[in-house]
Structures are given as structure tokens and as C-alpha cells.
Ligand code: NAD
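One chain is shown next in C-alpha cells, namely the form predicted on its own.
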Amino acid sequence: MDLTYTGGDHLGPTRIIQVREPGIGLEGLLVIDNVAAGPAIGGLRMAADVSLAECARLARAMTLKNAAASLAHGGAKSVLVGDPKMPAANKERLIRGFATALRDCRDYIVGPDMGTDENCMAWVQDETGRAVGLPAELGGIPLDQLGATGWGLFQAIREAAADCELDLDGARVAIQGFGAVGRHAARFLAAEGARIVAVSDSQGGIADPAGLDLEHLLALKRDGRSVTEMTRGTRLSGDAIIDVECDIWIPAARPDVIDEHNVDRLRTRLLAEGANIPVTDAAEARLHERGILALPDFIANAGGVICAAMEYRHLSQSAAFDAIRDKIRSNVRTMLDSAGSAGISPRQAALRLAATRVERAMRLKRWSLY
């Protein structure tokens, strides 16, 4: 694990914890970025390649996301080294061990993320009593099953569509990462008449300018199969989905999939960031130069954490989805109006909005340096 990290500023991180237990192959990190607004909510990510620098960036994104959504929570992120497809018993042992090591971190509430799900959160809840995204049987709102993040992403796109003169009915959509976020965003967009022209997963991609059979794609993923098993469409290898001409391009997988080296290959009008930190700062600036509207991650994909915060307060599923719709649409409108009036990019406007809220919360704390 790469522990190189030279970041940090007046907002955080507040605490960095490394967990190692060689006897069971346990290696993980927790970065608690900021807790001024309340205990931090942030997902537990499981991947074979993780680093402290990436974990810290993801934790900051959660601070900004929670602040932008006006939630009474700070931001954090934890990462666990391992193959998320390992045998269930091995995965449970690692996650329970990691949760036990963090049992006394009472300012951190764990949620699901890439490589973890509601069952994993049940294990964490059993060990610590602090988890969200729980199975319904434990009183949770299963946000991945219901598509909370995808619902929020859809609301962000819906609010921003007119700003790039886009009608969702007939709009062509490409989704890089047809997982928990991507497939639900596809469902909601298709219900508005959008045409899904390309999707990809870890095995490759498939494209058809006439539109892919969404029900077939969803059935493949339910069966644990790849989208590349579609019988109709053109196979895509590597990162070829970047080259697909579309109206809406959604990165919903790993960080930094769009950078300064491939950003000019994008042929789209609107980029909606379904994943956390999927576009580098330089690439996002280039999109702005090209007149492509990019909706920042911590604004557009906040549906999951809004749902988690509602669950933590024992509110209903309908209340959670209403809150996602209202908060995200309001934030997108505020961001775009501010960006337009100030002549800055949407990300710059979003950063001002979120950072201001965090700083206000910090000024109310006894340990504030303000």
C-alpha cells in the first residue's frame, strides 16, 4: 500500500489511521477529513490497489458532498486492500476485523462503496453499531438496491439539461461503469426517453447508436455477467467508450478515468460524474474550455450519502428520495447560476458553496482556528 501523502489544508484531514493485521491479511486505511458539522459519513471501499493519497482525496470529496447537501455530517473514507470478489467468508473476516479495529472511532459512520454492499454494512453494524446502507431487515434503506445515487445523478442531469440545450427525450447516453450507480441512472434516464448507446464494465463495453436493450443489460448484471455478453451491438475494448459520440457521458467507476491525456477524445455535451473523483482537475478545466458542462462529483452523486443520512435518522425511503431530489436539484441550480454570474467553472462555484458551509461549521467549534 502506498502511504505517500503530502496534502492537507485548513479543512483537514482531522485523523489518519492505518490498520494492519498480517495474521489474517488485513490492511486498510481510514481518513477522517472533517467533523465540524457532525460525525463523518463515508464509504468503505475494497480494492486490490489503494493508496493513502486516493483515500484522502475521496475523504475530502465526502466532506464537500455532505456540506453541499447541508447534512449534519463531516466527511471520511476508508479503504481495505483486497479483491472484492474473494470468497464471502474471507471478505467477512477482513471487514469484521477492520470494523473491530475502528470500533472506538465514534466520529465515523461507515457506508457502502465500491466493492462493499449492504451485507458488508450489516457486518460492520454488528461489530461497531455504526453503519448505514443496511439491509431492510435491519431497518436500513438499501441504497444500492434502490438506486439512491443513480436517482440523485438523474436529478442533477435533469436540472442541468436545459443549460446545455439538451432534451432528455431522445438524448444519447454513454455510461462507463454499469454497476450500482450506472445501471440505476440508466433506468431513470430511459424512463424519460433517453437512449442508452454505450455501456461498459470491468470486462469491456458494448455500443449501438440505435440504442441498447436496457432490460437485457440489466438482466445480465443481475446474473453477475458482463455487458459484453450482449448479442447485439459493437464490442468496445479498453477505454474505447470515451470515443462514443453522445449527449450525456457518465463516468461511474474508478477515479481519474478522464485525464489531460484523453479528455479531448470525449464527444459529448454534458458529463455527469457518477463516481467519486472520476475526472482530474486539469481535465475538468479542459472540458470547461471546450464548452462541455461537467457536473462535479460531490454535487451530482450525493444521492447515496443523503439517503444514508436519512436512514441514520430513521426516516422513510420516500422521505429519503424526496430529500435527494430537492437537495441535488437545488444545489445544481445554485452552482450553475453562481458559475454563470461569476464567469467561473461549475466546480469552482461548487467548491465555494461547500467550503463556505464547512468553514461556517468550523467557526462554531471550540477548537476552531478562525
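Not measured: the values here are computed from a predicted model. Think of the rigid core as the biggest set of C-alphas that the two forms share within 1.5 Å after superposition. When you see a residue number, it is the position in the sequence shown, counting from 1.
There is also a form predicted together with the ligand; it is not shown, and the following applies to it.
J.: So the ligand isn't shown here. In the model of the complex, which residue out of 200, 155, 268, 116 has a non-hydrogen atom within 4.5 Å of it?
T.: Only one option qualifies, and that one is 200.
J.: Which of these residues, 252, 134, 295, 99, gets a heavy atom within 4.5 Å of the ligand in the model of the complex?
T.: Partner contact (heavy atom, 4.5 Å) among the options: 252.
J.: Even though the ligand is not shown here, does residue 178 get within 4.5 Å of it in the model of the complex, heavy atoms only?
T.: It does: once the ligand is placed as it appears in the model of the complex, residue 178 has a heavy atom within 4.5 Å of it.
J.: With the partner left out here, check for me: in the model of the complex, does some heavy atom of residue 195 sit within 4.5 Å of the ligand?
T.: Judged by the heavy-atom cut-off of 4.5 Å, residue 195 is well away from the ligand in the model of the complex.
J.: Would residue 275 count as a contact of the ligand in the model of the complex, using a 4.5 angstroms cut-off between non-hydrogen atoms?
T.: Residue 275: contacts the ligand in the model of the complex.
J.: If we define contact as a non-hydrogen atom of the residue within 4.5 angstroms of the partner, is residue 63 a contact of the ligand in the model of the complex?
T.: No, no contact at 4.5 Å.
J.: Please determine, with the chain shown alone, which of 32 to 40, 323 to 331, 336 to 344, 300 to 308 has non-hydrogen atoms within 4.5 Å of the ligand in the model of the complex.
T.: That would be 300 to 308.
J.: The ligand in the model of the complex: within 4.5 Å of a heavy atom of each of 80, 125 and 130?
T.: Per the other structure, none of 80, 125 and 130 touch the ligand.
J.: Do any residues of 216 to 236 have a non-hydrogen atom within 4.5 angstroms of the ligand in the model of the complex? If so, which ones, in sequence order?
T.: Only a single residue, 221, comes within 4.5 Å of the partner.
J.: 2 Å or more on the CA of residue 304 between this form and the one not shown, with the rigid core superposed, yes or no?
T.: The answer is no; the displacement is under 2 Å.
J.: Could you tell me whether the Cα atom of residue 58 shifts by at least 2 Å between this form and the one not shown after core superposition?
T.: True for residue 58: a C-alpha shift of 2 Å or more.
J.: Honestly, after the rigid core fit, is residue 45 moving at least 2 Å at Cα between this form and the one not shown?
T.: It does, since the residue 45 C-alpha is displaced 2 Å or more between this form and the one not shown after the core fit.
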